[in-house]
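Next up is one chain by itself, shown in structure tokens, the form predicted alone.
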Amino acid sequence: MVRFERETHEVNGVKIVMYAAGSGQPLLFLHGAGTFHGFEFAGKWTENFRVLVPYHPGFGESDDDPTMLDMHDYVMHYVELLDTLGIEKVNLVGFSLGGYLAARFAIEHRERVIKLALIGPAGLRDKDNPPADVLALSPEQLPPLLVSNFDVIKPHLPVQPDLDFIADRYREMTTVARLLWEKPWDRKLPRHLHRLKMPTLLLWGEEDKIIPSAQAKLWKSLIPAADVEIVGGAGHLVLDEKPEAVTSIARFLS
């Protein structure tokens, strides 16, 4: 198992925790709306890249910043973080909420993105294939919807959740609500996705019950040069369920 080193950085007065391993071109992974399942899959990418896995403000081990109210605030946070790290360009991989963030970052700062991979990204309104309302789901309802094979995430879910686990999940959902409660999709995102001229991959789990894989058609129509890969037998947490999805990302970035 690859050992990731824990780093702490301060960005505009906010303490950020980031895990890093490997060498080569930087690969920045932007996680989704929950972090309980970890990032073990990212170890594969360290064979060819310097992999950086930061927790967004308000998630995981990073401090919160309640003044960050929309996705642009998070885009600017990562501009500042990359500047702090002295990194000019990255391979950018975003999953779910992090896919929305990665798309917005690449639109606004495309000169800093070498290649872009969006995995089951949020952010678009697809009336024919609407996403699940995760903010309306109970803590018991959500986990089974994340995967095709529940055994994949079962080890990450305590039989008797302690107060710390419950508090961490509540904190992350509160941050998600701050970002998406009033604006569950980005009305302006469709008009700007054409700016993604860098090599781009759209990857989905075929059985995604959170953000349906059928949304890939809409994303593809707005990013004409993007490649699309649908992975069978996988749900929303496609990177956790299918090692071949992780390998596909590595192959695309290489």
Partner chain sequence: MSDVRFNFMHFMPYVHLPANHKEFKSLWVNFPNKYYDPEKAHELYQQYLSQLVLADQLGFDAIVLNEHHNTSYSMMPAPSLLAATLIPQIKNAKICVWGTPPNLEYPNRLAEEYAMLDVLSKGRLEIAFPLGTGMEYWANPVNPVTARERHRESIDIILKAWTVDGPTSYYGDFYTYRFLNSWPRPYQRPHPPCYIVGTGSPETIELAAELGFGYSAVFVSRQRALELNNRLRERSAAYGHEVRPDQLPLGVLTYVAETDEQAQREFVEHLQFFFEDGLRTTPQFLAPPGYISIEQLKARAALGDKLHGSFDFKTLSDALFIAVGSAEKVANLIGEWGKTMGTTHFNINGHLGNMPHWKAVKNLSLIAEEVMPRLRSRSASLQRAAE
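The structure presented is a predicted model; accordingly, all values stated were derived computationally and were not measured. Positions refer to the first chain, counted from 1.
Another form, the form predicted together with the partner chain, is not on view; read the next lines as being about it.
- Select, from the options 96-104, 144-152, 170-178, 119-127, the stretch whose residues sit within 4.5 angstroms of the partner chain in the model of the complex by heavy atom distance. So the stretch in question is 170-178.
- Message: Residue-level question: is residue 83 within 4.5 Å of the partner chain in the model of the complex, judged on heavy atoms?
- Response: Residue 83: no contact with the partner chain in the model of the complex.
- Item | Heavy atom of residue 139 within 4.5 Å of the partner chain in the model of the complex | Contact check for residue 139: yes, within 4.5 Å of the partner chain in the model of the complex.
- Item | Non-hydrogen atom contact residue 132 with the partner chain in the model of the complex at 4.5 angstroms | Residue 132: no, not in contact with the partner chain in the model of the complex.
- Any of the heavy atoms of residue 111 lying within 4.5 Å of the partner chain in the model of the complex? Residue 111: no contact with the partner chain in the model of the complex.
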